[in-house]
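This document starts with two versions of one protein chain, written out as structure tokens and named structure 1 and structure 2.
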Structure 1
């Protein structure tokens, strides 16, 4: 009797919240069934069973899949096969029965399995090619060359490595003041005082997320068209990405600080800028320093990758020798890169430990 009461109350209050859950559940189910139909037809049937290399694609196919998915969803929504209802907590589950035995769990496992099979196929995994005679000889040739690095180019390689480190350093340093300022504007606890503040918060957050979601590699390509191939383009790419990553980390740090000192400084009648300088900054300098050093470390690694698309430094050098198939030179460069990365990694973790 008493155990039933909450359920009854739930039914009574079935309002907006419940509606939203049902809609979300329906959408999720439709998506999953559409996905299953599409994978079954395009990959399992056409590619694997019929063995077609380039099956036709028309936009009718996904639309048909959507319709099929929708129909299956409607047919199965009120059975125990609805993953959507399970994730939205709309089932009254028997607590004694293991969740692993529920139909929707089994269905979920089947979808993961299907994705795995399709994934194997799409990545063109082929044991035969991996172990083929010509392939293995080629690999052996490269490996032996790599293990006989050409020390003759050590000097230019080191110069290029220094260029990369400096590029990463400048990118981090130039990003710092921007990230520092933006960090405050992206911290919710500082900005939610007024409507204008909140608006700025959302705009800044949006741009940070946008710039951060574009890989530095892509920024490097953009900037190498803009300012020409070279370290400057790489530096700009790293800087943009560092600004948004650091600003995000900084703002999270600000959101975690204790409110006490801020309150106390505000209560003295201090100007808002003074409140930030005396109430916020002392609480964040050390974590900031630690994040920034870590960022420099990351930037050195990224600078190498960016060099591959023409961002200058040791990455560019690596790309050039690789293009010429000069594997002994590539071997040396790989060693230099690995050492630089290792040293930076070690140094940055030591420094960060020391200032904790």
Structure 2
């Protein structure tokens, strides 16, 4: 009886795994067919065929599409048109036959093509408007002004550029200790030793994913309301996003380290903090430096953009002159921004190259 127990457990595990794969395949197929139904009706039929610019929307439409998608899924699930079964490895594929000739591959290509056509229409791409006489005249007027920069504002533009660089530097520096600590708690290989560790891991990961999913531009709007318009709001926005982004990079680097030094130090009876400090940290120092410098480079670019919503720096100047349609001044600011970004990119690449 006891000899058969492992076999029964393995069979049960395999059965549960098979059931999970089937459920995921059904959900994926239902989602794809629901999406296809909605695109065919709302965009292809109502907008492209009927020519309705603003078709009516009711919640009955996605619900109906979901029902249609579910029915199509049930009808085609056990055929070679099931993308879900293909992604879950539930097909016995012929190795002598190209996967590009499989029905599920052709269906996937059709969905991509349908998405491309719908995207072209929703984006309202128009070559006629792009090459229209009035459009070309306006573009010529703007680009002529851009290539005739007003050097009279060079001094305030340089001061604003310096403000942007320092704002990015402080945001990166203040984010470092938080990201460094959170990186260890977000590394699964360090936190999977107990239920408490796994709970902390999932909480930290959720926090990092949440804060990283909100763009710095949105954070800048939030902090502009909170602390007022200026570089402080921009610095806070960059810091929050840098913490989550760096912590994610740091944790992934920790998850890829060699376990040999950790096991050796643990065998000596060292404290968990000593294990991390002597077994983990030496393996991650150089990648951490590279990630940090690269993040500063990113923050310099982002600092320019968040200035458009009141985050301070040269982006705020750009927003002001663009709003007044002073294109000669905008031209100078564009030159200064491009120069700063180029210099920072060159310097950061050289530093990263030196520490490898």
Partner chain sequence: MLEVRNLQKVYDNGTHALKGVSFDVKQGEFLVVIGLSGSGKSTLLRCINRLHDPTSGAVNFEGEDITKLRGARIRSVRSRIGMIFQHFNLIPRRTVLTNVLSGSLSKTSVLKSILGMWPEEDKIKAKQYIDIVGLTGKENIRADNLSGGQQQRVAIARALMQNPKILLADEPVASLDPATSHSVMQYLKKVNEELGVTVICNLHFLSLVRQYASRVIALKGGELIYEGKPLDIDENWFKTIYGEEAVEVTIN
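Numbering follows the first chain given and starts at 1. None of these values were measured; they are calculated from a predicted model. Note that the rigid core is defined as the largest set of C-alphas that superpose within 1.5 Å between two forms.
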Between the pair I just shared, point out the form predicted on its own. 2
Two rigid parts rotate relative to each other between structure 1 and structure 2; which of 104, 335, 202, 232 lies at the hinge? 335
Size of the rotation between structure 1 and structure 2 [smaller rigid part against larger, C-alpha superposition, degrees]: 7
Core-superposed C-alpha displacement of residue 254 between structure 1 and structure 2, in angstrom, equals 3.4
